[in-house]
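Shown here is one chain on its own, the form predicted on its own, set out as structure tokens.
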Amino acid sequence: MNRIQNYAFANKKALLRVDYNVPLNEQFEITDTTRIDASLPTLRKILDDGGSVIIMSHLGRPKGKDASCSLKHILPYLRKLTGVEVLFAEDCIGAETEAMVARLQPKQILLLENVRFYKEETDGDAAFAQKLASYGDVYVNDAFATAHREHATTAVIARFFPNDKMFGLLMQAEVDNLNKVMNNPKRPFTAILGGSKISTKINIINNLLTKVDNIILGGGMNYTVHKAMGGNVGKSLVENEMLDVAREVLETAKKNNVKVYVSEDTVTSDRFGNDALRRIYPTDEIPDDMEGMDIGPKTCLNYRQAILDSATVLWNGPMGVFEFDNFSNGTFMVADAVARATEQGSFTLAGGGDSVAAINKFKLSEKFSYISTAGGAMLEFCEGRSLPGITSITDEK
């Protein structure tokens, strides 16, 4: 497999798939540029080599050609970020776009209009992919956040570049770091899994039970597990249909010698709100009129020690309703413990929208070994699934 660091792009047109699906305000201004910023090293490598770049991306979930989802909204910032000439094609296919591609000079960028303006993109249409493939000499996929989708520009297009396809620098880093955690971890290896529902995390839990030494549970999943063990969790979020599954998880963990940490105590409230009445109870003795909102102080200390004793830490999902300051302490304590573990030499990886939002809220993003830019793709990778955006590059055919 080609690695981008070793590839010479001089006088070549690189067809680059990125993820510029960024949030816009009502004035169509970008409110978070992280995903665009993350593509800069790959853009710089191609341009500095003397190549030109044809950028493909989606934005939003348009139904047909929707002006509010146009990538022209990205254009001013992309020009500012790169400092080079960025041209814009009003369509991603067609005679006019082909002419712009033909005129493209080395060290220029051509941004194509939203590829999801065509349903052929999400359908994984081969003819659509082939049209786009005809624009470039080499295909570079730097969109890890869409790697779990078998769309035309994220996977299918790679088959038209049997010898000239590779990951961009961001995607390479994502794959390398996730492989390091999932396939070659230093031990003890601890996975921290939060979030509201065990049903959304059961696949990753089952896969991790064959790989980790410890699993730390936070968020709503705790209450389902405690109820499965016979505890009273009040009006906390519980998936009653998952009680047998929760018991199976605990049984499998025991067989595999994996220690499962669940909350010893819980910060509860009488209603869902930041200014609600707060009381701390043992997690299996929550009164019927109270609901769990965050892990309690004893749990924080237990989780913190387990994290500090770990050589590898994977974190996905908050410990409670961290969006409310009065119920954010558990998530902060875990984030801080992971940051401290990093300082001690542990390899730490976090990912998922809520986890990253929490890390950014607590201003700890510089204190993790690696933070994944993806949510769904990272989860599926950690579930052990094959991701089309990865296999389309790595599989030798």
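The shown structure was predicted, so the numbers you read here are calculated from the model rather than taken from an experiment. Residue numbers here begin at 1 and follow the sequence given.
What comes next is about the form predicted in complex with a small molecule, which does not appear here.
Checking 200-208, 80-88, 244-252, 142-150 against the small molecule in the predicted bound form, the stretch whose residues place heavy atoms within 4.5 Å of it is 200-208. The shortest heavy atom separation between Gly168 and the small molecule in the predicted bound form exceeds 4.5 Å. None of the heavy atoms of Leu301 is located within 4.5 Å of the small molecule in the predicted bound form. In the predicted bound form, none of the heavy atoms of Asn177 sits within 4.5 Å of a heavy atom of the small molecule. Not displayed here, the small molecule is kept clear of Asp325 by more than 4.5 Å at the level of heavy atoms in the predicted bound form. Listed residues Val115, Val321, Ile215, Ala129 were compared with the small molecule in the predicted bound form; Val321 is the one with a heavy atom within 4.5 Å. This chain is displayed alone, yet in the predicted bound form one of Thr97, Ser269, Ser196, Gln108 has a heavy atom within 4.5 Å of the small molecule; that residue is Ser196.
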